[in-house]
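Have a look below at one chain only, the form predicted alone, in structure tokens format.
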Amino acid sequence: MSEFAIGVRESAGVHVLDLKGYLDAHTTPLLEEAFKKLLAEKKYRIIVNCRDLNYISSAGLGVFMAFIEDVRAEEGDIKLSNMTVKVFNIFDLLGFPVLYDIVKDEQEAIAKFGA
């Protein structure tokens, strides 16, 4: 099984998911559960910090698509930050920059949520 971990924390009123390792078909249930928990707690301002994400498969990308409409229906958003070039290229290849704010760092993502 691939190594993957998620840290969840709050920063400036925004909830941050820190992804680490390999997000693939075997590990996507962990990310799904993290999103479900945030939504159940009515936490809709979400940043996904990809600094330590080494790989993402199409299954991992599908998790983002599965939750974005629910989050935006509640006036929230999912913003992606701190991507390596390798991970950004996968997101870019599938057109994610048109659908999501992908920003340089977490502070920029927080600023985009506004005060």
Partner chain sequence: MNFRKIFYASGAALLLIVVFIMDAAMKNIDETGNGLMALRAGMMVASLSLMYLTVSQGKKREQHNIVQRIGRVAMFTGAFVGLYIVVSVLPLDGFQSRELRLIPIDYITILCATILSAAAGVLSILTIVNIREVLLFKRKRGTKRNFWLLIAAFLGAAASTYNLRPLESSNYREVLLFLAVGMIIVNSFRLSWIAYLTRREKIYTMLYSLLAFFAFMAIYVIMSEKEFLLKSLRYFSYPLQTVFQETALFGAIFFGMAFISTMFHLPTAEAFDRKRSEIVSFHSLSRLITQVFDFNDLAESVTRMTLEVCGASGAWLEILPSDIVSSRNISRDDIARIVEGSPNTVRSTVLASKTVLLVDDVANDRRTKYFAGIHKVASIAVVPLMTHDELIGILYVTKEMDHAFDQDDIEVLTGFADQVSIAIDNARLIKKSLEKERLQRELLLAQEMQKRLLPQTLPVFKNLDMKAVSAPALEVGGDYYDIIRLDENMISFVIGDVSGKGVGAAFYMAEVKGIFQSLSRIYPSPKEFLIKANEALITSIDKRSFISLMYSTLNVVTGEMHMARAGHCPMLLLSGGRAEFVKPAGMGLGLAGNHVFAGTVEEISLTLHKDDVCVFYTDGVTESRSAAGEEFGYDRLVSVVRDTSNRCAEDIKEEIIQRVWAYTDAQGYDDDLTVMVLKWNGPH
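Numbering follows the first chain given and starts at 1. Just so you know, these numbers come straight off a predicted model, no measurement behind them.
One more form of this protein exists, namely the form predicted together with its partner chain; it is left out here, but the text below deals with it.
- The putative spot formed by Y22, E32 and L93 is fully lined by its partner chain in the predicted complex; each residue has a non-hydrogen atom within 4.5 angstroms of it.
- Its partner chain is not drawn, but in the predicted complex it has a heavy atom within 4.5 Å of S58.
- Residue contact with its partner chain in the predicted complex: D70 places a heavy atom within 4.5 Å of it.
- The closest heavy atom approach of K86 to its partner chain in the predicted complex falls within 4.5 Å.
- Its partner chain is not shown here, and in the predicted complex it never comes within 4.5 Å of any heavy atom of A12.
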